[in-house]
Structure formats: C-alpha cells, structure tokens
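Heads up, the chain below is alone and in the form predicted on its own; it's given as structure tokens.
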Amino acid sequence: MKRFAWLDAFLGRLVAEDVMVREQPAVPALAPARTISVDADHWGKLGQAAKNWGCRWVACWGEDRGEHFQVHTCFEKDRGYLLARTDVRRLTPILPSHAPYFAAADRAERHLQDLFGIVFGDHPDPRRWIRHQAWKDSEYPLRKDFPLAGHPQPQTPADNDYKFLFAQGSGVYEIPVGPVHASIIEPGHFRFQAVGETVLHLEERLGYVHKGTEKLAEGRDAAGLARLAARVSGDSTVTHGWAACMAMEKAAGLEVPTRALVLRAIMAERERIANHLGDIGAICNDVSFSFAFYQFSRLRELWQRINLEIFGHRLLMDRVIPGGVTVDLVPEAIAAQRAQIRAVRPQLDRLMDIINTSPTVEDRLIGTGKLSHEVAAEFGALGYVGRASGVDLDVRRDSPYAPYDILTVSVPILHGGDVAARVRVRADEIRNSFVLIETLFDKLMPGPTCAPWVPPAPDSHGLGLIEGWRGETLAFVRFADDGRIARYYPRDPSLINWPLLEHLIQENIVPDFPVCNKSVNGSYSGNDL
C-alpha cells in the first residue's frame, strides 16, 4: 500500500468540515512524516477526524516558542506518519483535547498540562499526572523562564489528595500497592478494587521517578544530548540513543557512514535479545518456575558479558553517538558473536519446549492477562504487547530506516493476547534477531564508523523513529541558534503500553498481577521522563 495514499483524501475531508488546515512544505528532517498546521480552535476537530479516518495516535509534545506554545501531535495510518502542529497564545494556553477520541492521548496531554500549563478544556481526566506536589500550581517547569533547579522546598508536601476511583458495593474492597515496592523495581502506585481474589478495576499512578529529562536536555550540545537520551530508560539505551541521534543527524543533514548504521543495528538487536531473555525468565519466576528463571538469566548474563567484552559495556550504553558509533568490530569479535548465536539458539528452543509442555506453567500463563485485539488496536499497543494481540506494526519493516531498508524483517503476530502469547512473541523475536544479526555481519563492509559532527542551522529540527525492543520509539529535537538543544522529547513505548495493564488485569485474580505486569514490562523511567 502506498504510504500516503490516504492523506490527500483526509486533508480534503478536513477542508470540507471547515477545519483550518494547511499542509507544510516537505521537510526531509521530519521524514517519514508529512506535516500540517491546524488552527488552535479546530484542534479538537482534527482529533475527531483522525479517529474517524482510522489513524493511530503516536505522540504529542509541546514547545515554548516565546509568545506562544507550539503543540505537536503525531498520527500514523497505513505506514505513513502525519505530524500536526498548532500554536496557542502564552497568555491563554487553551486547546481542545484529543483524549475523547484517542485513549492513548490521555496521559500525554496531562503531561503537557502539568509541565507547560496548557489547558485541554474538554479533557475527560484533568487530574495532575506528573506534578506530584513538587512545584506550585503556578509553576510550569518546561517553560523557558523556569530554572533547571526549580525552587526546591525544604520538604515536598505529601501527594495524598489524588482522587482514585472510589469503590463501592457488597464485598468490594481496595488494595493499594506501592509506590515503594518490596523489590528493586522503580516506584509506581497501583490501586486495585476487587471482590474476593477477582480484580474488578486497576488504576495506575506513575510519575514518581520524574527526572526532568526534557529540561535537562536544554542547552546541551549534540554529544551531551546523546548521553542523556541513552539514560531515558537504561534497558533501551541503544534505542533511545539511536532515536535521538537520528533526529539530530536529520536536522543537521548529516550522512551517517553505512558501516556505523550496520553496527547500530547489530547493537539494537543484541539489546532486544538480552531484554527478551531476561523477561521470559522473569515471567517464569512470577509463576514459581524457578528452573526457567535460572536458565534464561544465565543466557542473558552470558549475552551481556559478550557485550562488555566486544562493545565495552554490558548494556551498550554510550556506544551510539552523533554521526555514528564509538566502537568497531574486528573479525574475531564477529566470530565470537556467531559462535554465541549458534550456542544460544538450540538452548532457547529447548527451554521454550519445556515451558510450552509444562502443565503447571501452561495453567498460569494461558488465558491469563488477556488483552483483546480491539483494546490493543484502540490504544495502538506497541511491540510484543501489540503483536501478541494481533497488532501488526514494526517500524523496521513498515517505515524502514538504514540498514533495515535492505533487510527482510519478519514480525511474529499472534492472536491469543494472553501472557503465554507475549512470551511466545518474545521468543520468536529472539530467533528473528539471530537471523538479522547474522545477515548484518554479511553487510558489514569496510568504511568509517563515524562522520564529523556539523552544527545545524538555527532552529533546525528533526524526528527519529526507531523500533526498539519494546516497540516504536520516537524522538523530536530542535536546535537553538547557538547549535545547542532547544527542545528534546522522547516517547518511549511504555507511555502507550502502561494503560493496557489496567485493561488486561480485569477479571483476573490478584495473585496473577505480578506475571501480568511482567508480561507488559513497562518502563517507569521511560514513562516518567
């Protein structure tokens, strides 16, 4: 299907509905997206029309442009991306909401509300999301006049007035979990309403590890932003680093050497494999199948030791830099990785056979945490969460970027929608990544691994889209007049997938929450920014 065959008809429909919309000239730095500007008063009509047209909501973010705020929303349909922009006056920053039409827009718009002070007048849930009492109601940290350090209080007031759903009825009781957990995972609060052991409703409260990432980016040089991006979510350091570098490189018109792009892809696939190995083991651990937990943890550990030996870092952090990569592969390193794949491949198959033929494991995983295709599609579920529920989406295949544009990317799609399906998708993705890495070794031609960084023109901006191990990952970057960062926004897949946990846990028993949660494995850090 031609990527933008739908867009001309969509724009025609907007005009017919008296929506003030203008298509902007093509900007290579924003590819694969086309760009339109929309009058602020008609922003809500845009959201409604996009919903009716079958678009998928991808992300939204804001910028302080002086006398006005610029709001961006990204949509996708038929493998084509549309970036819509509108401007709102600083003195009266009021916009219609897209949340009535796209459930995935809910928390992102509340993020803008808390950090910019933009009011979405018809938003169905205007409660604070990120604020958590850390600054005054009249303070908005992403405005340019707000200092990086803020105005620290001697003691932050307790965030005890957040109005969770109040449960009523015979036999209904409430279970608060978190935000501080018994294990080493990051903080998040989960409020259950249940009858007996059956979960009726779950509500999440996140934002406890808000780090000010977007504010920290302002004023950094390109190399400094790459380091910051690599820490948006530590388990996705290659993904976020690559997305940010892609956005910056597009903005600067910088051509990355072919060898560097192949090396980035090898590292991205190694990151995917390591995390999937760890997740499968952790899911098994949550149903007390310790044998599989030990074995998958062993494989992940050996996989990451090779990362350290060959690339210099277990998690591959800071290996992706503007213009290329910091590390090259010698023939011996390639041979070591080929040998590791040959060793792990049969072990993975044998372990999956054990999992799939274990009655006790099947009893805990099959039918547990089922996410219907309809709900997954409604939210635009990403990565293994979406694929296990029949959502067929992968940026490497659908909007291919180098070097995936010369590769055949197989995408496993299942329809069970339960924890068992999410385990199977992970295993299939590992197998596919083995093949991709072996193919990439064959594509690794001699050449430079980095191009010299050239500061972009003032006000240059770019968009990066990468298929990370959790799914589609977006980065937007704008440069200031001095060649430093004016705005950086990363959208981790977890922003989309976290709300789905609230849906798939319904009608399950409370003791199955850990395994349902792990099967989604949203990033707290990647979500909270």
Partner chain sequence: MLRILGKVQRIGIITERLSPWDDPALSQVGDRLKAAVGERFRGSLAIRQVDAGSCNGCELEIQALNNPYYGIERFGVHFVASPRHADMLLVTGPVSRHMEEALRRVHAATPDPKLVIAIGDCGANGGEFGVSYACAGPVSKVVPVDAVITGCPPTPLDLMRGILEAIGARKDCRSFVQV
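Because the structure is a prediction, the values reported are computed rather than measured. Numbering follows the first chain given and starts at 1.
Another form exists, predicted together with its partner chain; not displayed. Remarks below refer to it.
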TODO: Would you point out which of 365-373, 418-426, 391-399, 185-193 contains residues with a non-hydrogen atom within 4.5 Å of its partner chain in the predicted bound form?
DONE: 185-193
Open item on the list: Considering non-hydrogen atoms and a 4.5 Å limit, does its partner chain approach residue 197 in the predicted bound form?
Closed with: no
- [ ] May I ask you to check whether residue 353 falls inside a 4.5 Å heavy atom distance of its partner chain in the predicted bound form?
- [x] yes
- [ ] Classify residue 106 as contacting or not contacting its partner chain in the predicted bound form by the rule of any non-hydrogen atom within 4.5 angstroms, answering yes or no.
- [x] no
- [ ] Classify residue 305 as contacting or not contacting its partner chain in the predicted bound form by the rule of any non-hydrogen atom within 4.5 angstroms, answering yes or no.
- [x] yes
Open item on the list: Is it the case in the predicted bound form that 149, 235 and 289 each bring at least one heavy atom within 4.5 Å of its partner chain?
Closed with: yes
Open item on the list: Counting any non-hydrogen atom inside 4.5 Å, which residue from 259, 215, 90, 201 sits next to its partner chain in the predicted bound form?
Closed with: 215
Open item on the list: I need to confirm a contact call. Of 171, 446, 331, 154, which residue comes within 4.5 Å of its partner chain in the predicted bound form, counting heavy atoms only?
Closed with: 154
TODO: Counting only non-hydrogen atoms and a 4.5 Å cut-off, give the residues of 187-223 close to its partner chain in the predicted bound form.
DONE: 187, 207, 208, 209, 210, 211, 212, 213, 215, 216, 220
